[in-house]
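Given next, in structure tokens, is a single chain: the form predicted on its own.
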Amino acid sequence: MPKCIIDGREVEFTPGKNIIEVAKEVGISIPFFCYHPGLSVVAQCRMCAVEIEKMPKLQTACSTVPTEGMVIKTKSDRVLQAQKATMEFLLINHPLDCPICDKAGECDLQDNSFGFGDAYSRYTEERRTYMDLDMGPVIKKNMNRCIHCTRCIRFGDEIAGIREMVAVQRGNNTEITTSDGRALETDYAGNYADICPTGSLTLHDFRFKKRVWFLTKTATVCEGCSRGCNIDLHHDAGVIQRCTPRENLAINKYWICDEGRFNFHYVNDESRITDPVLVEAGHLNSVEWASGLDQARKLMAGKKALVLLGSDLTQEEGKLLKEFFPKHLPNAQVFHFGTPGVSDSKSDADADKILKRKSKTANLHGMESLGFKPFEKAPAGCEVALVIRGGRAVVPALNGLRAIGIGVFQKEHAKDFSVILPGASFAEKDGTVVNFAGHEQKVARAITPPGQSKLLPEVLMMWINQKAVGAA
């Protein structure tokens, strides 16, 4: 492999990579704003300028590819002076509202100002100001904080496929906006907030909710579709506050759709059933686990059962149930369900040209690999239904069958059930899911199940071992 010299160190590099990426691989950090590895290179913020021997001017590291023997300096006096000048220029109009900005604590402008800027500014003119504007239901814009990196414009054009963000006017009056001031149309609008290096584009959903340094980050997998995008769940005190994409170049690269980003809300929704309930005449009566299990077993005793397993369950849960039914519900007919209109992997396909898939559950392909067949209609003679889901799979019509639910259900589901035993969502358990391409990925537990909700192995263990209520 060819070699170059960076800050006195001999570094091997892959031809074609720019200086920022080559330096990053050996632990040398070069500051930047406009550069993003998933977007085209424009080299307009000038923050990544470095000194290269035999070149009279500083060169932008994002747009320069190293060559054999190239000598690069990232911390010379010329470079440090250029970085200070760039930071002074970028901050001349920036408001001092870090105490109220959602980006505080993870802001590139804060970090680079602290690491490479100067404590003093020569700017004495009046700063430009703009009104905060809604850009649709996902993004709120604060143009006062914008540094014109154009990441948002490039994301819309190159990734989202909608040229909806533009720069209007010139110089100090430049403003980033949508065409004709319309609301954002892309289903990937949340990524605008992710890639914005300042707090200029923020999420309505997270705005003023929580300081980021109070949040714990858990790496897991999105359950929103069969692609299985890699995500981070940010949570505090048992409540998920937001969801962000996690880099995986083989699956979702740097992005996530809005559907997957905001899917977590049902986990802490007030309408979620978190205690065992008996449904009588439309009323939900909370009971102890012993009573709920006892009633569920009585309903199924001696009857021909239909068992529906959500394709939002993990592989481990599927394997456990595959062993459970022959021993404890031998007369049951077992099927998987998940997305209306997508009964099996053959009917699953891309729903757009970016990330979305037609199957709206993460483990359709995994459940099929375990041998479960898709549900189409209840077989003749079934007298009772047992529905087990993780929270994402859409409950099919049961056509009047008395039903027992195990897993994550909302109060709106209660009308179709006689007993509901609360379980754990994807954010509350560990496990494995298999995406449409056969990649096995790990779901990680971020928070504890709320109320009396239990993991599926606990529920099945109680089902097997607990004595009937009132028995000696």
Partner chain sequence: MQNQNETLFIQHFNEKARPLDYYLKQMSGYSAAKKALGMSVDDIISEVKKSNLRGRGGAGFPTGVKWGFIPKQSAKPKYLVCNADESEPGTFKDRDIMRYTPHLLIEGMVIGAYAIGAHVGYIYIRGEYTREAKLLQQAIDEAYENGYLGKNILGSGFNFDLTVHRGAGAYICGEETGLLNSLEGKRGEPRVKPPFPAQAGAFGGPTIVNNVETLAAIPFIVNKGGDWFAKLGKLEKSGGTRLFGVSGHVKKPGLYELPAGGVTLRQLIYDHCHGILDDRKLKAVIPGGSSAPVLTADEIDVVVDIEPMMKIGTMLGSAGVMVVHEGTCVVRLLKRITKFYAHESCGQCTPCREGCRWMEDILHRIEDGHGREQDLNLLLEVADNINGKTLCALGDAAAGPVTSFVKKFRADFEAHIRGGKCPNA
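Numbering follows the first chain given and starts at 1. Keep in mind it's a predicted model, so treat the numbers as computed, not measured.
Just so it is clear, the following notes concern the form predicted together with the partner chain, a form of the same protein that is not shown.
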- Query: Of 42, 52, 414, 447, which residue is found within 4.5 angstroms of the partner chain in the model of the complex when only non-hydrogen atoms are counted?
  - Reply: 42
- Identify which of 346, 327, 283, 170 has a heavy atom within 4.5 Å of the partner chain in the model of the complex; exactly one of them does. 170
- Query: Even though the partner chain is not shown here, does it sit in the model of the complex so that 248, 251 and 254 each have a heavy atom within 4.5 Å?
  - Reply: no
- Can you check whether residue 36 is within 4.5 Å of the partner chain in the model of the complex, heavy atom basis? no
- Message: Is it the case that residue 179, even though its partner is missing from this view, gets within 4.5 Å of the partner chain in the model of the complex, heavy atoms only?
- Response: no
- Is residue 88 close enough to touch the partner chain in the model of the complex, meaning at least one heavy atom pair within 4.5 Å? yes
- Mark residue 123 yes when one of its heavy atoms lies within 4.5 Å of a heavy atom of the partner chain in the model of the complex, and no otherwise. yes
- Task: Quick one: find which of 401-409, 428-436, 56-64, 22-30 has residues within 4.5 Å of the partner chain in the model of the complex by heavy atom distance.
- Result: 56-64
- Sequence order please: the residues of 92-113 with a heavy atom within 4.5 Å of the partner chain in the model of the complex. 92, 93
